[in-house]
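Presented as structure tokens, the chain that follows is alone, the form predicted on its own.
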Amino acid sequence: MSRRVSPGIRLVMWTGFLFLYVPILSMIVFSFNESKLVTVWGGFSTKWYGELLRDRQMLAGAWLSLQIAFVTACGATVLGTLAAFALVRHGRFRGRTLFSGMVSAPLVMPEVITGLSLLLLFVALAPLPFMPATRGFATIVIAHMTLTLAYVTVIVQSRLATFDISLEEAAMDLGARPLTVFRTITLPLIAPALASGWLLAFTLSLDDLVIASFTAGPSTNTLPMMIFSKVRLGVTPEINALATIMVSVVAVFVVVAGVLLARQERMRLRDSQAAARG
């Protein structure tokens, strides 16, 4: 049965929405501002999008950040999934408490401490083989994976904790090999958690400024680092245009993900109803 929402709760809800989204809408509106002053409306214009497309330095920073975020998300998803399986499926093994604490430490560790410790680690290990000799793309990816795999582990671990293991056991009783069971049973059922972990890792890596500032080399500038350096000299409509594009891309991904998840849920309910009728 539906319950009516009290006016007080509605007021708090809409106040929260306005607090979160009005600044974003204002930024989008002023990205089409003719004036160079971001707080003074000078008429509608798209020239700042043209200026952004001609800014090779900004585009190079955006492309570098996207590459780092993609590699980080893929690596963190793999490592986080393995860690989640170890914590959920292997019970009480020696060192489990230490392992769980080390996996969860980046969730509560200040980013300044994480960035500084990783910087000292990279400097100390630079002479060793198979280690990055200079700070740059590789060091940023390693640092971001250290941060984001903890989030992936928590998401996948929560999904595995409620996973019906009898489905895997039934498949193995019917003669399926463990790898086949994982590919056809386990992986599709935990796919939403993997997708959520990947997207969260991608977003955290793309948004990170503090850790990237510590682990980046002098010739490596990610998009957040470039935006921060420009904002200190004053916000320009070009930054608003870049942020508007990023918001639009994220909104498209969110809508597509929502549609896919809703379709998957409808298919699951339809299969469940068909199984119940059968």
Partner chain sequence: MAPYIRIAGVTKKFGDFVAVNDVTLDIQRGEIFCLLGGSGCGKTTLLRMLAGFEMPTAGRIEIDGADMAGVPPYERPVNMMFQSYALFPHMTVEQNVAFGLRQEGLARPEIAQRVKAMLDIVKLGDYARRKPHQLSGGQRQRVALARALVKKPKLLLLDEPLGALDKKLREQTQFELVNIQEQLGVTFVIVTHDQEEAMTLATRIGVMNQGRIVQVGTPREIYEYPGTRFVADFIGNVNLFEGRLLQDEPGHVLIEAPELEAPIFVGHGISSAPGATVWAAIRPEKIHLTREPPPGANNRASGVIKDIAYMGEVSIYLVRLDSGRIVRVSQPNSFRHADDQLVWDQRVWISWHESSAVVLTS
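Residue numbers count along the first chain shown, from 1. What you see is a predicted model, and the numbers here were worked out from it, not measured in a lab.
What comes next is about the form predicted in complex with its partner chain, which does not appear here.
**Student:** Residue-level contact is defined here as any heavy atom of the residue lying within 4.5 Å of its partner chain in the predicted bound form; does A170 satisfy this criterion?
**Tutor:** Taking the distances in the predicted bound form, the answer for A170 is yes, it comes within 4.5 Å of its partner chain.
**Student:** Can you tell me whether L189 touches its partner chain? I mean in the predicted bound form, with a 4.5 angstroms heavy atom cut-off.
**Tutor:** Contact with its partner chain, yes.
**Student:** When the contact criterion is heavy atoms within 4.5 Å, does T180 count as touching its partner chain in the predicted bound form?
**Tutor:** The answer is yes: T180 has a heavy atom within 4.5 Å of its partner chain.
**Student:** Would you classify I185 as touching its partner chain in the predicted bound form, given a 4.5 Å non-hydrogen atom cut-off?
**Tutor:** Heavy-atom contact with its partner chain at 4.5 Å: present for I185.
**Student:** Go through 247-273 residue by residue and record those having a heavy atom within 4.5 Å of its partner chain in the predicted bound form; state none if no residue qualifies.
**Tutor:** In sequence order, R268, D271, S272 come within 4.5 Å of the partner.
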